Structures are given as C-alpha cells and as structure tokens.
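So this first bit is one chain, no partners, the form predicted on its own, shown in structure tokens.
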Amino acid sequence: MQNLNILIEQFSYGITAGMKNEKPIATVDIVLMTLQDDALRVALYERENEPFSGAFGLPGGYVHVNEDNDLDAAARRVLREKAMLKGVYLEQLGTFSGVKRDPRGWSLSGAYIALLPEDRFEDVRLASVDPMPRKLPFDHSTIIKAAIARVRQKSVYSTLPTFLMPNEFTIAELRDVYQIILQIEKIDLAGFRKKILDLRAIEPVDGKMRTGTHRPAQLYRRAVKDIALFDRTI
C-alpha cells in the first residue's frame, strides 16, 4: 500500500508540474459589425473544426508565432483567411482569458472590432445584436457585448460610424446611422452637419448628388483613414 501511495503522489506531482509548464492557447477573435435593415449586426461564420464544429461564431484563429509580428498582424491575417477582407477599420477591443473559455485548455484571445459597410460581406450570416444571438461558442457572446458597448460609447464623441457607410453617402444618411447606433430617436441635422464638416473627416464628391423624392443632396465620402474626435459629444 505504501508503494502505491508513493506512485500516486509521484503521478500527481507530474500532472501538477506539467500544468505549470503548459503553454496557453493564444488566439485572436474579430467582431465584424455592419448595418443591415437599419439595425446593427455582427458577422458569424460556421466553424469547420472541433471544438464546436458546425456552430456559428466569430471569425478567429491561432496566433502564428513564425508569421505574425504582433496581435494586430494576426487579426489582419485572420480577416484575410477567414473573411476574405482587407483594408477594413480594425481596433483592438481587449484580452479575454481563462481556464474555462476553451475546452482545449487555458486560453487567451486578443479580441478586435472591425466596422465595414454591408456590401463588403459575401455568404455570411449577419446576426442582430438586439437581442444577442444565442448559443455562441467559447465566450463569443461576452466579446460581442463588450464590442457593442465600445462602439456605442465611442460613437458619442467620434467619427467611428463613418466606417459603416458605403463609398458615397449624404450627411442625412450618416446622421441616421448615428441614431441607430446610439439608439437616439432624433439628432438635430443642422447641428450634426456643422459638427461633422468642421472635423473635415468627410469631403464632398464633386458633381454628385443624391436625387429622389426630396430635393437633391450632396454626396460625401470619408476623407481620413482613422477616426476623428468631436470637441463635444453628440
């Protein structure tokens, strides 16, 4: 019996030592957001491999230490490989980690937000965030909630929503997008026009107007690659 106890102790010590030296799983996950039917939506992709094969979740993947210089590079590579997307606005959201978030073991994920217009997506499931989609793998629901909170918070004082716009848009259309994101019923158009034009974050498209039932409206496009900050919140 004594010998058996010694073997059990040695075995337990081996497991503990192995756990101490075990490397965490390092991944990136991207919350791809767009607008569809006047609602904020997130792109979900079907997982091909275990765990959670066949489930829909955020596009993500392992960090390739021999290929990715940093997490930003890993996220852009995953966007190219999983979503066939390049040149989109990408912002780091935060790190999500723990022993229970991945059934394969202790893991951490560098989560990112990417905003782009609906016409950039092909063959993808766009899920509404109000309410949140159910039964997502890993902690993707938590990541999406954090991403939505970040986008709504940042939209109050910046031009972040312009990345959701098509190549050309009117100021009224951009104002409507702010209203959707911020869940505000009415933003004064005259005040919004002055605020957005003073930043010079958008520029008029020469000779192009939006025509229809209302009087023609000047078309604009984004003029800067990054976001600009308002002097006061909306």
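Quantities reported herein were computed from a predicted structural model and do not represent experimental measurements. In this text, residue numbers run from 1 along the sequence as written.
Although it is not shown, the form predicted together with the DNA is what the next lines describe.
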Practice task
Please run the contact check for residue 47 against the DNA in the model of the complex: heavy atoms, 4.5 angstroms, yes or no?
Solution key: no
Handout entry: the DNA contact at residue 217 in the model of the complex, heavy atom, 4.5 Å
Key = yes
Exercise for the section: Using the partner position in the model of the complex, report whether residue 172 sits within 4.5 Å of the DNA, counting heavy atoms only. Expected result: yes
Handout entry: Distance check, residue 189 to the DNA in the model of the complex, heavy atom within 4.5 Å
Key = yes
Exercise for the section: Look at the stretches 61-69, 36-44, 190-198, 23-31 and give the one with heavy atoms within 4.5 Å of the DNA in the model of the complex. Expected result: 190-198
